[in-house]
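A single chain comes next, written as C-alpha cells; it is the form predicted on its own.
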Amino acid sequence: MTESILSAKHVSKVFVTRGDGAVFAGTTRFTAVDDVSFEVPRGKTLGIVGESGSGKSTTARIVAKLIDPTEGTLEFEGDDVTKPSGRALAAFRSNVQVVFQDPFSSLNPRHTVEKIISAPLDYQGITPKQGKRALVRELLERVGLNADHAQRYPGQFSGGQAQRIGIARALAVSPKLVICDEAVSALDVSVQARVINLLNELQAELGLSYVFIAHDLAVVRQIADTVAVMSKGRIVEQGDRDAIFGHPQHEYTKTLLAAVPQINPEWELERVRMLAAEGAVE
C-alpha cells in the first residue's frame, strides 16, 4: 500500500458575507467545500477535476494553507497541519509549494527572474551551499530554460516559458508536494503538453508529489495517478485514474467525460489516406 504524504479528512469551507446597507444587514453563508476527504500518495499525482465553481480551487487554497478550513483536518506526513502558525507554518510552506494558473499575474513584472526564483529562499532564510545565483541558474536549466535568462523580466517570455519560471520558483526550496492550481489552463494545447511532460520528468527525478487541479479531463488523464471528481463543493467520485476514465460510476463524471472532444476516426483515416496519396506516408 502506497504511503500518503497528505491527507484531508472531512474538510469544509464556509464563506460568510454581510449584505450591503445598514449595520444590521443580514449575512449570507456559502459552502464552497463540503465534507471533502482524500489522500495524496507519496511520489504520485492526485488530480482534482470539476467545472468552474465546483470547489476545486478552494480545496487547493486550503491544502496550500492560503486559507483555513471551517471544519475538518489536514495531515502532512502524519502531522496535523490544519492551522499551523509561526515556525510550523514556515516549515510547511518549505515542503509545500504552489504553481498558479496565470504565470504573468503570479510573477512580479518589476523583478528579474533571478529575484523571483530566489524569493522563497529569502522568505525561508535559506542560503544554498552553491549560492543563490548558482542555484537559480541550475533551476532554470532544470525546467528547460537558458541559465543566462536569469537577468531578464517576465514580460520578455512566452506563456509557457513564464510558467516554467513559476515551476522553478516552486522548486527553489526543495518541496515534497507541489500544488498545481489550473497550472496549464492558460496555455496553448501544444505548450500544455510540454509543461505536463516537464512536470512528469521532475516527479520522476525528484520524487515529487502533486495535487493537480484542472477542469480539463484530457489534461488530468495525462498526469494523474488517482482522480477526485468535484461537483458543488463535494467529491462525487474518486479512485484510480484508469478506473475513473474507463468505468465512471457517477452520472456527473459520465457527463464530464462525454463533453471531452473526441477525434472522429473516419476523419483521421481519411487524413492518412490523403497523406499516403501524396507520398507523405508509407
Ligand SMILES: Nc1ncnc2c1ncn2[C@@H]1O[C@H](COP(=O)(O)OP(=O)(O)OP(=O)(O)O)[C@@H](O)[C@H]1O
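From a predicted model like this one, the values you see are computed outputs, not experimental measurements. Throughout, we count residues from 1 along the sequence that is shown.
The next section is about a form of this same protein that is not shown, the form predicted together with this ligand.
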Which of 45 to 53, 234 to 242, 248 to 256, 217 to 225 lies within 4.5 Å of this ligand in the model of the complex, heavy atoms considered? The stretch 45 to 53
With the distance limit set at 4.5 angstroms and only heavy atoms considered, check whether 58, 61 and 182 all reach this ligand in the model of the complex. yes
Scan 30 to 47 and note down the residues that get a heavy atom within 4.5 Å of this ligand in the model of the complex; none is a fine answer too. 30, 32
